[in-house]
Each structure stands twice: as structure tokens, then as C-alpha cells.
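Encoded as C-alpha cells, the following chain is the form predicted alone, with no partner shown.
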């Protein structure tokens, strides 16, 4: 990308001020508005092509640029940072790492131009952190594959054009062996969806998905049959890096809201910020956000340089999500009843925050991954 990152971020900032005003985000949350109509507008800014080769319409820019942009988008509206992850991490990087050249030629240009996005269909009622418990079955047919099973808690599934779906292609296998990845159109015959009501992330709806003898062609297979776990592992650092950056953006927004309230709220004849206990609480919040930001940027640097980022992806995801919970909890305490109204951005970020320490791989699992890299953990 020839445009300097500061200029790019300035363009994104101008776009957000014009198209995504802060006040509108609260109304959109209450209305459960999704950000899918922003896809072409984000594409026009060049955001979906950042890390991809020019051959497909991308810019060959490092992942550090993605990290900066995701933080900026999530600071305004988490759903925008999340939808960038759907396009780039779950879509483009899955195609780049283990998709076929035909799949890349077919889908990457449309992803980069904002015409579509993918989402990952992995979790099942009995298979969350335990990927080896996947039961959704894909059996061979004369025309390709027939998929039967159920997925749950699949974010943005109804808006996605395709589901990057983890299935068991070897009926006699167990654990993570015998898993494969199929690219299934979300509107394929036999696919059914129902929305899951939840307490937060209203603009990022989650779905329960049924696969009732869904037929897809042979070329729906992504990568090598039976190597699904290794394929997933090849892209997890991208999705976890995305969570690290987006949670930093949301956390900074929470600190900003709490800081502004502490300057404006008068109690006992003076602003809240004049109380040392409030100032120090805000300082502790900002310290955690700054450290989480440094972690996310270091992770993005490792990815950009091709270094082993597995340990730092677990660290970045854990630090970012727990920072977000910390600052929203303390932010709610600072705002008190003012933060508990539905008009307050603090309550929205607070509700949203609770998901991320167990979404995208629970933080308990992340700690086990870190322990393994320290040489003290048991295999997962």
C-alpha cells in the first residue's frame, strides 16, 4: 500500500466521522443493525485488500496496517472491526493459506471489493473449545459432498456469502483426525438458520445452523481432506490478532467515555476527576489499554515478518479481551447510574465485552497454549 499509514487512518477517521457518528452507534445497537451495508464503502477505502497480493486486487501491505485499522474501526463501532475480520481473517487468509488457486481466483477479488464475506462455522453444541468433538458429517457422493449436522454460535452467518465449515469426512476417525474444511454457500439448499438471542453484540448476530443433506461440489473442499485441524491452525493467529486489535479499540473508547464523564460530572461542588481515587482508576484503565495495544502491535509485527506468532497470538487475545472487561467494569463504576442507561455507550461496550474472553477460543485454552510454549503444559 503506497498510502502512508497515517494518511490511511486519517481517511478512515474522516469516513467514520461522516458515516458512523458516535450517537448513531447507540441507536444502531438498540435496533440490532448489522454493518453489512458498509462493505462496499469500506472496500472503497481499500481496507479489505490490505494484506493480499496485487494480483487479486490487494495492496501487499503488512498485517501491522490491518491492526491499526481494526483498532480504529472498533473504537467507533465494534461491528465494523469485526466485519473486517470476517473478510480478511476468516475469508481472505483462509483462502490464502489453504484454499485452492481456483478458489482464490473466484472469491478473493469479491472479498476485496466488498461484494461478500465469509464466516467460520466451527462450534457445535458439544464442540466449542474441543474441536475434536466435531460431529457434523460430510460424506462423498457422485457430485461431491453431502453435509449433515449442526453448528451453533456462528457470528454473522446470515449475512455471509459462504461458511468456512469444519466437518468430519472420515466417519471412523476421532479427535482432530479426519476433519476437513468445506466452503459452503450460506444459501445452499438444506441450510437453515435461526438467530440466537443474546445480551450483547447486537450488531454481530449469532446463529444456530442446520445442515440437512446439503450438497456441495467436490471443489468445495478447502485444502487437503483430513487436514482440517492443521488448516485451521494456520489461520488462528490472524483471527486472534484481529480480536486483540479490535478489543483494544473498544477498550480505548470505554476509557475515553469514562474520562469525559469524570471531567463533566460535578459532585460535592467539583468534577469527579479532581478526586484522586477516580484519577488513579482512570490511569490504571489507560495503562492496561496501552499495554494491550503494545501487545497487539507486537503480534501484528510478528505476523508481518513471518515469525512464529502462536504464543503471542494467545497472549494478544487474552490480554486484549481481559483489558476490555477490566476497563468496562471500572468504567461502569465511574459512570454509575449514568452508565446503566441504554443511551450510554458504556453499557453497550460493557455488555459486548463479556463475550470475548470465551469467544474465539476461551482464555483458559489460550493459557494452556502459552503453557505449552513455556514447556509446562499438557497437549490439548
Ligand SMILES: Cc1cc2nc3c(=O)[nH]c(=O)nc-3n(C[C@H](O)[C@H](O)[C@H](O)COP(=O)(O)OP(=O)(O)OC[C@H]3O[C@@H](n4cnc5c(N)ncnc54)[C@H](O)[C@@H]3O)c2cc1C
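Positions refer to the first chain, counted from 1. Predicted, not measured: the structure shown is a model, and the values here were computed from it.
Form predicted in complex with the named molecule: not shown, discussed below.
> Using heavy atoms only and a 4.5 Å cut-off, decide whether all three of 120, 198 and 360 touch the named molecule in the model of the complex.
Verified in the model of the complex; spot residues all in contact, yes.
> With the partner left out here, check for me: in the model of the complex, does some heavy atom of residue 155 sit within 4.5 Å of the named molecule?
Result yes; residue 155 sits at the interface with the named molecule in the model of the complex.
> Does any part of residue 365 reach within 4.5 Å of the named molecule in the model of the complex? Heavy atoms only, please.
Output for residue 365 is yes: heavy atoms within 4.5 Å of the named molecule.
> With a cut-off of 4.5 Å between heavy atoms, is residue 204 one of the residues that contacts the named molecule in the model of the complex?
Yes, residue 204 lies within 4.5 Å of the named molecule in the model of the complex.
> Though only this chain appears here, would residue 286 touch the named molecule in the model of the complex if you measure heavy atom gaps against 4.5 Å?
Contact with the named molecule, no.
> Between 42, 355, 319, 335, only one gets a heavy atom within 4.5 angstroms of the named molecule in the model of the complex; which residue is that?
Comparing distances to the named molecule in the model of the complex, the residue within 4.5 Å is 355.
> Given that the named molecule is left out here, which of 144, 132, 185, 128 has a heavy atom within 4.5 Å of it in the model of the complex?
That would be 128.
> Look at the stretches 264-272, 67-75, 204-212, 135-143 and give the one with heavy atoms within 4.5 Å of the named molecule in the model of the complex.
Contact-bearing stretch, as computed: 204-212.
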